[in-house]
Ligand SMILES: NC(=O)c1ccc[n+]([C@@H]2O[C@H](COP(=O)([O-])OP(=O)(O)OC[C@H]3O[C@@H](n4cnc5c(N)ncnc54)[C@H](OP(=O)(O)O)[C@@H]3O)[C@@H](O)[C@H]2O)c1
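In the form predicted on its own, a lone chain appears below as structure tokens.
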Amino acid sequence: MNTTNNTILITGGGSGIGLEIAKALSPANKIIIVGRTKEKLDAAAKGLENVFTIQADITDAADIDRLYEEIKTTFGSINILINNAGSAFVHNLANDEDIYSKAFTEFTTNYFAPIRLTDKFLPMLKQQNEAAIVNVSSIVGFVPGSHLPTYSDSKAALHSHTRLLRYELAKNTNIKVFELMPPLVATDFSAEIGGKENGIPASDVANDLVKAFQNDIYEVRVGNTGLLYDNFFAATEGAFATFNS
């Protein structure tokens, strides 16, 4: 995958992993970062070359339609879609209440929004000489964490969907489908579960994605995700117990 002269849309691009990806891929590409808060997006883009902002709520169908039309009018097209925005709640299935509402919110952002965005932009991506979709899942997508149960569920669903999307698009399109699988990352998003103290830098995640683009590595197992992935499928029960101990 070429890492220059692309037009790239990054959801959740105002902070954390999304912003670090924007930094890593600019100024050699046009980067469009999307988020709900204009002030946050503007602050993130300040001082970065070729980084543009569009305020949009990716869980809202009308906002996605508006986002698509604005990109089409202003930029003509994109050739890389990075579904990075996420939502998570720390809770316990046995002791906490209102599990459904938490799960609904997480699935809306983490699973249904990437599918809706892919549906919307897929015809555009098919028209490009080279194109890619990146879905940002998580280490808990295949080894679920008891402190993030329904978030784990949503990322497992995204992992499954991404594998099937890659399989189908490989048949008769030039669209490459990547899955970025971070472990615990030092961002505000993960602060409640100790990310600030124990997580890896978000820049490491972004740099691994760039390397994956350059080498066409479609499952990007960042940091200790690769080790845990291998151990989990070698001995699922043991890996699950270790991860949740």
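In this text the structure is predicted, and so the values were computed from the model without any measurement. Numbering starts at 1 and follows the sequence shown.
Keep in mind that the form predicted in complex with this ligand is not shown, yet the notes after this line are about it.
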Subject >> Three-residue site K23, L125 and Q128 fully in contact with this ligand in the predicted bound form at 4.5 Å by heavy atom >> reply: no
**OP:** Could you tell me which of 170-178, 134-142, 73-81, 96-104 sits within 4.5 Å of this ligand in the predicted bound form, going by non-hydrogen atoms?
**Re:** 134-142
Subject >> this ligand contact in the predicted bound form: K30, any heavy atom under 4.5 Å >> reply: no
**OP:** Report whether the minimum heavy atom distance between E219 and this ligand in the predicted bound form is within 4.5 Å.
**Re:** no
**OP:** Give a yes or no for V51: in the predicted bound form, does one of its heavy atoms lie within 4.5 Å of a heavy atom belonging to this ligand?
**Re:** no
Original post:
How about F189: is it within 4.5 Å of this ligand in the predicted bound form, going by heavy atoms?
Top reply: yes
Subject >> Contact set, 17-46 vs this ligand in the predicted bound form - heavy atom within 4.5 angstroms >> reply: I17, G18, V34, G35, R36, T37, K40
